[in-house]
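This document starts with one chain, in the form predicted on its own, laid out as structure tokens.
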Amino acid sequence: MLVYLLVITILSLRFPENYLNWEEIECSNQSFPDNFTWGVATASHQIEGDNTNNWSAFENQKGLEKSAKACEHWLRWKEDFDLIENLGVDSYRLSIEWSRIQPKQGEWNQDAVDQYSEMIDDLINRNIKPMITLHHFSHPIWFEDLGGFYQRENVQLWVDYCQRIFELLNAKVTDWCTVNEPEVFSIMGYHMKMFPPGKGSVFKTIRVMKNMIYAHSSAYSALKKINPDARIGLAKNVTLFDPLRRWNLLHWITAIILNYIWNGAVISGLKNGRMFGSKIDSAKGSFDFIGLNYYTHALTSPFLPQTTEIDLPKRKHEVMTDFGYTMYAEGLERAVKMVSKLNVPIEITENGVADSDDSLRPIHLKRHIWQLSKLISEGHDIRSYYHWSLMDNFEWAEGYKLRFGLYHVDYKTQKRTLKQSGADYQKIIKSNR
């Protein structure tokens, strides 16, 4: 029993689960460097509408809510750029839809290329810096039919696409994300079966995750040969896993394993060139920055549900979001320290909350930005904050029931309306300029 208690005590000290008394914190006390970047983020399949890709096919196969017209951003992008400009942000993180560029293997859609190029020019004319993501969960059906990222030989097909886009736009765009959340793409698609291709296998999950890091590093190497001055990284989701019962060793073991699979493996691949016991030499140091997507923590036990369709456990004092996980702004510090091991600048490429009536988002926004200010004052090299998301949109397997936007979207009329949280973000940006 004494040994058991000693182990639990050591684990609790080594991996604390901190909480703050927010009643005593004045979140408006913030300070940011003059060159700090304020931004918003979106993804192509979630807003553009009428995409034909692996996700639209998956929606049909699984009987999910259809993305369909989404926010009609492909048609309304100039109006939406007005919304971005209205917020007063410095930068906009967007993704290029590969399926629009290459709807068929070997076929290049110049009209789509021209529109993306026009969009980039328009952002720059508004003094809004674009950050481009080259793979944000979606890709062409033909690529999926070839086995997608499960087959390592397919990676070069994706790198070829990346090179073509980069050659066209790198003179205008300095910041690039190769892939978004390789761990989410792999685990949700090949274990939890909630993303395409919806295949459940631990072996396949690990294989795809390793291939995604190999794909990132292959693209990084190819693109840096074209323009060594470009800033290239990837967006890493950090979800913190804490034991549901901190006195239960089985809960601790579960949390440690999940933290490695979700967080540690990718960080190890990027830092050391090793993942799950395999070498990926090209991945070591293949990044100029690390993008951090942070939302929450999860309380874990061996009986953790294998679906996000039910609410995850929470502490009594925690507030649950519409997504079924808690608001845990305190965890941003742990997430930042985790990716700080990579010793490169950190870009907060996503942070937001599912909140249908915008009652929680203003609080969520202010707490996380206060945490960022504190972390920067302590010496962490955090260069930017991109709020997720610009506007309500299609939230993957959850469809349209979850709302993450600073702008409300009426999907019947496509009318956009600034929320209180959007107005608060405007004020935060203005006060920190």
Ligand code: GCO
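Just so it is clear, the model here is predicted, and its values are computed rather than measured. All residue numbers refer to positions in the sequence shown, first residue = 1.
Just so you know, the form predicted in complex with this ligand exists too; it's not on screen, but the next bit is about it.
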{"query": "Contact stretch among 217 to 225, 327 to 335, 293 to 301, 165 to 173 - heavy atom within 4.5 Å of this ligand in the model of the complex", "finding": "293 to 301"}
{"query": "Among the candidates W55, Y407, W38, W388, the residue which, in the model of the complex, approaches this ligand to within 4.5 Å (heavy atoms)", "finding": "W388"}
{"query": "Listed residue that, although this ligand is not shown, lies within 4.5 Å of it in the model of the complex (heavy atoms), from W74, W142, F323, Y150", "finding": "F323"}
{"query": "Partner proximity in the model of the complex: Q46 to this ligand, non-hydrogen atom cutoff 4.5 Å", "finding": "yes"}
{"query": "Contact test in the model of the complex: E395 vs this ligand, heavy atoms, 4.5 Å", "finding": "yes"}
{"query": "is_contact(E97, this ligand) in the model of the complex, heavy atom dist at most 4.5 Å", "finding": "no"}
{"query": "E181 within 4.5 Å of this ligand in the model of the complex, heavy atoms", "finding": "yes"}
{"query": "Stretch 219 to 243 - residues with a heavy atom within 4.5 Å of this ligand in the model of the complex", "finding": "N237"}
